[in-house]
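In structure tokens, one chain follows: the form predicted alone.
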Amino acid sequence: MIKEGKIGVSEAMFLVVVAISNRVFFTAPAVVVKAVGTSGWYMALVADLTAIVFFCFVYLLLKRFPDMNLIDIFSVCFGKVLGFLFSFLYAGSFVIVCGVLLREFIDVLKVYVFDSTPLSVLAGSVLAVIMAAAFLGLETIARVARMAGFIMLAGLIALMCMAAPQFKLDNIFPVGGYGFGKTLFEGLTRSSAYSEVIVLGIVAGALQGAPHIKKAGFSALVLSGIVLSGILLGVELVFPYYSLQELTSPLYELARIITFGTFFQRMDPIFLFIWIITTTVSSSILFYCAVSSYCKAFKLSDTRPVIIPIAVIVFTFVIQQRDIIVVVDKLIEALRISPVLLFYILPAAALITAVIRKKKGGEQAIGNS
């Protein structure tokens, strides 16, 4: 059993909020607008509501097996072989998601800031911080995530307020975007944008029971939905949708055009500070979940021996990708569906299996498995 310590509701909530909301700093707003047009801001709310429905199954499953995490529950519900397979898939998925996030972050960073810095240097620098966070453990990551969450929210609110003079209401018309049917469909399929809520299932043992998981999970999804929808609305009000979909990082572009008189111009350095902190914390959360899932699947009690090997795998994945076009058009689009199947559908299947097979509780369940 891995000793992950204990974290509170607010810390668990910000683990999820930072991991989900961090995507607004990259290509996500442009990708969403390209898919649905001007209706992107409320498409994010449709996706959020879908994620909340799916999380209900995750919560009910964790409530049925108190003091157990998803990895242990899979072993009880599906048996040792299938349970191990699904747990290993979880570990691999977190590695891929972490790798995609890092590569997207580094590519955008190279576009705007470090254009001549080698990819391997940037990747290695960020991974060094992520490895240090993994060595320090979940409690440290959670506490830093709470601090980073407040910084991120304050920074985003300030950014939107400073950009308000450049809002043009005409930019969000037609309200229906490319059609309400298209918006609804994309909202349902893009609920994977909130799939990082599954982090609570991986570290469930560190929270103090199902009531804490419920509070942290639903609060995080509601807050993340507000953040994503609000940022999408803000950038749509500033940039026409036809130009917005061409921007690599709309938020960075927005920060660059903010001007208040002679002395307050180019707010992008402040934006970079928030961006780098939240991305590093978000990557650390995903990396820790990959390490934790792997160790739980193989019944390892110490995470430290596998941190460096998994970091090498992530580093290899990051530098193997050809360019940002491959990341956005292939990898990120592929991640629209697979997290839904793995992080939402699988817990629902485990819950149904547990009800049918009458599996319930900690010690009894482990004994029957």
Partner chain sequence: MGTADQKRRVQSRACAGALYLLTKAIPVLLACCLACASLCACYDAKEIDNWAYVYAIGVDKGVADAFRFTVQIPTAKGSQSGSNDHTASGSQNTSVGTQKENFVVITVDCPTLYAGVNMVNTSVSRTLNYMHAKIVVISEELAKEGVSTVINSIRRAREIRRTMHMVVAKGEASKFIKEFSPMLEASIPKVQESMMDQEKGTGLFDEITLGCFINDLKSTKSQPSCALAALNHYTGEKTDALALKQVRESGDYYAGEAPISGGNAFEFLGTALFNGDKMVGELGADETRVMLMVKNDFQTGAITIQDPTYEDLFVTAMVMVHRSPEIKASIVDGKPVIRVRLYLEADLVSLQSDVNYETESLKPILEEAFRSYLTEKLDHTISKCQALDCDAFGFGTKAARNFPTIQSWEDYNWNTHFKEAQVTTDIEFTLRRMGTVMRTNPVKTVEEQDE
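Positions refer to the first chain, counted from 1. Not measured: the values here are computed from a predicted model.
This next part talks about the form predicted in complex with the partner chain, which is not shown.
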| property | result |
| --- | --- |
| Contact assignment for the partner chain in the predicted complex, among Phe273, Phe150, Phe114, Phe88, heavy atom within 4.5 Å | Phe114 |
| Candidate from Gly99, Gly187, Gly234, Gly177 lying within 4.5 Å of the partner chain in the predicted complex - any heavy atom | Gly177 |
| In the predicted complex, Ala163 touching the partner chain (heavy atom, 4.5 Å) | no |
| Partner contact for Glu139 in the predicted complex: the partner chain, 4.5 angstroms, heavy atom | no |
| Contact flag, Phe105 vs the partner chain in the predicted complex, heavy atom cut 4.5 Å | no |
| Close approach of Phe239 to the partner chain in the predicted complex, 4.5 Å, heavy atom | yes |
| One stretch from 314-322, 59-67, 298-306, 33-41 that, in the predicted complex, holds residues within 4.5 Å of the partner chain by heavy atom | 33-41 |
| All of Glu4, Ser21 and His212 within 4.5 Å of the partner chain in the predicted complex, heavy atom check | no |
| Residues of 268-297 having any heavy atom within 4.5 Å of the partner chain in the predicted complex, listed in sequence order | Asp268 |
